[in-house]
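Take a look at this single chain, the form predicted alone, given in structure tokens.
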Amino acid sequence: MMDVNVVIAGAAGEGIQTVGSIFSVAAAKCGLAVFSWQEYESRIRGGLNSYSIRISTSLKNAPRRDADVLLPLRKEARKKYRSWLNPNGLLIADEQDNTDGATEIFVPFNKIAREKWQSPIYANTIAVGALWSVIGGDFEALQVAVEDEFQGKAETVIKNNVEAARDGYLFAEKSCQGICPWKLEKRPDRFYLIAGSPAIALGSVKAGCRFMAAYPMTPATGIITFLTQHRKECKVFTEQAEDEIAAINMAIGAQFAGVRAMTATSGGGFSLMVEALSLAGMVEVPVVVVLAQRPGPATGLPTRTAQGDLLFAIHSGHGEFPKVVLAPSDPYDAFHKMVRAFNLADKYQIPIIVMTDQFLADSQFSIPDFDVELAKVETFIASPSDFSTYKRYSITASGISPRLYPGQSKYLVTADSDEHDEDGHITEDLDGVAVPMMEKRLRKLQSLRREIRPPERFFMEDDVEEVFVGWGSTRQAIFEAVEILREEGKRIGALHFTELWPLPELSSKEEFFPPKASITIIEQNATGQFASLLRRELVIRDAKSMLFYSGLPVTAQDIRRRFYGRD
């Protein structure tokens, strides 16, 4: 089975993304599963960044930090990322340097570009050609990917880039004899290559979202950018608001008027939205908020990843009101989770927070395709014909009042952020109205607990002695770690949560966890937030935490090393 991890490294603005994109597309066109992720500094130009591409014959949507092939585009990148190269790995060098002991293929892509075109502009395409040759790819597939990348440019630009790729390919091919062990065979499989942010955008479109307001904030910006770039196909009106407070209030206003609407932001922006989140809770207007996590507090590490906002999301807002917190695991899940988020928001007339993170937002995953038949859109706007009289906040056994929108009928539809009676009029009747109204809103939680889906089970067999527990985007890394450890004889299973609040209803701890198995909760924050939640809600007091908070995505090997106590 082929499983090759390629790392391209260089300075910001040096073309790493272009090189990585061409390479990823070429591999995907050959029917291989491709997973790519980037780590980059928070600056426009300068600093050293990397683009990792994992190519495999079966789905491996999990990051690796060890490189089988390392392509540094400059000397400084070689020095910084040399430690990532596996002992048997191969380095593609623009300048020969054997002082670090790496096995290298020498391809002077800058020199070739300058001599042939009197410009270094084609050096990266030469490097892509060399990289493709090293892993044993067929040149025709690369040529198609190069032509796609430069589509719309002048014919000379396309022709020169194809020629540059061929030059690099042929140069490396001569040097590869007896050194490069890989052979990339074309396969009949076809995967859809997509990152988390476009998947969230497409899921919201499928769900019937027709309005999005947001203020740009990394790593959430990709969602509104995608919807704006594809506004004709997606038919979503997008608005760049003056700040996050305005953005969420616009979304609440659109929902009040009967239009499915959303907003998206990251930590600091979500802080600003919290007051309006309570407004949505009080006026019982559905709204979907995407919270793209990054390490904080404050600006923190805006281009790195983390799972540090979980308890903040669950407890966001003043006062007490029901909300739901979801955390999709990958783009496929994100697409379907957005449909579920809009359905739940609509049904219960509450805010829904969908938690993603920089890793999920920006990484490219291979998925078979979205199963749109499974993404059922459900709407819960009431029909005016069902009423002889109408009370917007009528007290019901479920806590859910029938919802009309203004202008839909002759009935008056009210909204009041003060406590109100069933008609929506402000009240100071504490025992007669305020208490029953609070209890009405909170009764929704009872139904929500029954509707929340249980965690996904992975190798939860009778012999399990230890259970890894995770949530959100760490799914693939945890599951891969379980597979590796089971091959090494460890009796380990995993549970993975994507619906985090309220936690699903269960009768006992044993409903999820084998009675004698130890529990390790793996998450990307420094304080064990999900572990804290499980201990409190499910009374799992003996669970251990395995925490990662460097800003880099957790890998299966990270978990394995920590399991054996090696770091």
Partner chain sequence: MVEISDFYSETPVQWCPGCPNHAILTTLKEALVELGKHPHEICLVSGIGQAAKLPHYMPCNFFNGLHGRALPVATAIAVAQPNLTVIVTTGEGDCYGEGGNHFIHTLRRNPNITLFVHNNSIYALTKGQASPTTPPGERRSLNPDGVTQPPLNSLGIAILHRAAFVARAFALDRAQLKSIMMEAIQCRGFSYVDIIQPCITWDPRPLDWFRKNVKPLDSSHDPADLKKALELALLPAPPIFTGVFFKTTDRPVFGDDFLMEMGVSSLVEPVFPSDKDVLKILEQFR
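Numbering follows the first chain given and starts at 1. What you are looking at is a predicted structure, and each value in this text was computed from that prediction instead of being measured.
The next section is about a form of this same protein that is not shown, the form predicted together with its partner chain.
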*S409, heavy atom within 4.5 angstroms of its partner chain in the predicted complex*: yes
_Can you tell me whether A382 touches its partner chain? I mean in the predicted complex, with a 4.5 angstroms heavy atom cut-off._
no
*Spell out, yes or no, whether the shortest heavy atom distance between R166 and its partner chain in the predicted complex is within 4.5 Å.*
no
*asked:* Does any part of F335 reach within 4.5 Å of its partner chain in the predicted complex? Heavy atoms only, please.
replied: yes
*Within 4.5 Å of its partner chain in the predicted complex, counting heavy atoms only, one of 170-178, 467-475, 228-236, 491-499 shows up; tell me which.*
228-236
*Only one of L485, A415, M460, L311 comes within 4.5 Å of its partner chain in the predicted complex by heavy atoms, so just point that one out.*
A415
*Let me know the one among E373, E155, D386, D431 whose heavy atoms come within 4.5 Å of its partner chain in the predicted complex, would you?*
E373
*Of 59-83, which residues get within 4.5 Å of its partner chain in the predicted complex if you count heavy atoms?*
none
